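To begin, one chain is listed below as structure tokens, in the form predicted on its own.
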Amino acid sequence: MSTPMPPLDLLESNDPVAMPKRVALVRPDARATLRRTEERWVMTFPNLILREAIVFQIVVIALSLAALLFNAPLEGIANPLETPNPSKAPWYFLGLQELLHYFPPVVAGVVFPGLVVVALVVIPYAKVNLSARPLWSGDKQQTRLWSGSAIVLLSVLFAVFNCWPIVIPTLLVGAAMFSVSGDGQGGHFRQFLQKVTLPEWIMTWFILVATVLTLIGTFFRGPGWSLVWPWNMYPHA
């Protein structure tokens, strides 16, 4: 709070008594502090690059130790006159090969991988990825409507083709999402799920589906791409 402006002749005077004075009211418990501002953006270096370099070194060391301690599970020399049954792709393509069992080749080999690539390109530019808010922090009724519709649509679509390795993870992720949609505190794990954002839920679903498909194609597909137990993969002649 300041005093009224004095006359012009007092302003031109050099008398310290005649100079205007400002009076400020300060609470006794107030302390001088700096205003803190939240930054939306951080520099890529060093905040990201150093972390990636550390993780890269850890992965290289872990792979080197694994290579020294364990032999690679290689098979015999390939014979061009004999095709193995089942003929499996490398493990990182077994998820797509598993999809070929349920869908036409164009859908499993072109449409689905194309949609994944497009999603990986588009999602970083989506506005929902910038907000980074928990899924249930906004309008819960609207979130229940569109998320429930998406889960039911995906489940029905894949169930029509009997693709249960995708239906079951979709229902599990949906159940985990809706288990924290209410207003409740709960334990530490529930509080952790309440903070999960929409991009994190989508990535969790994608990783879970890819893992299930890869495991089935690796350990549970035998001759003729039939379902077998891992210990019956290669029956004795």
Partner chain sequence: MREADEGMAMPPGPNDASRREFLAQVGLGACALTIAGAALTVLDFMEPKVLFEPPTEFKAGNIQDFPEGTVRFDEEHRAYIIGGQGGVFALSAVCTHLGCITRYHADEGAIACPCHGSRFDVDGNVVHGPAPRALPWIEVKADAEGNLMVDTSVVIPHGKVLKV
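Residue numbers count along the first chain shown, from 1. Predicted model, so just to flag it, every value in this text is computed and none were measured.
Only in words, not in the display: the form predicted together with the partner chain, which the text now covers.
Proximity of residue 225 to the partner chain in the predicted bound form: non-hydrogen atoms within 4.5 Å are present. The partner chain is not drawn, but in the predicted bound form it has no heavy atom within 4.5 Å of residue 148. Interface residue remark: residue 141 is not counted as part of the site for the partner chain in the predicted bound form, having no heavy atom within 4.5 Å. In the predicted bound form, the partner chain sits within 4.5 Å of a heavy atom belonging to residue 83.
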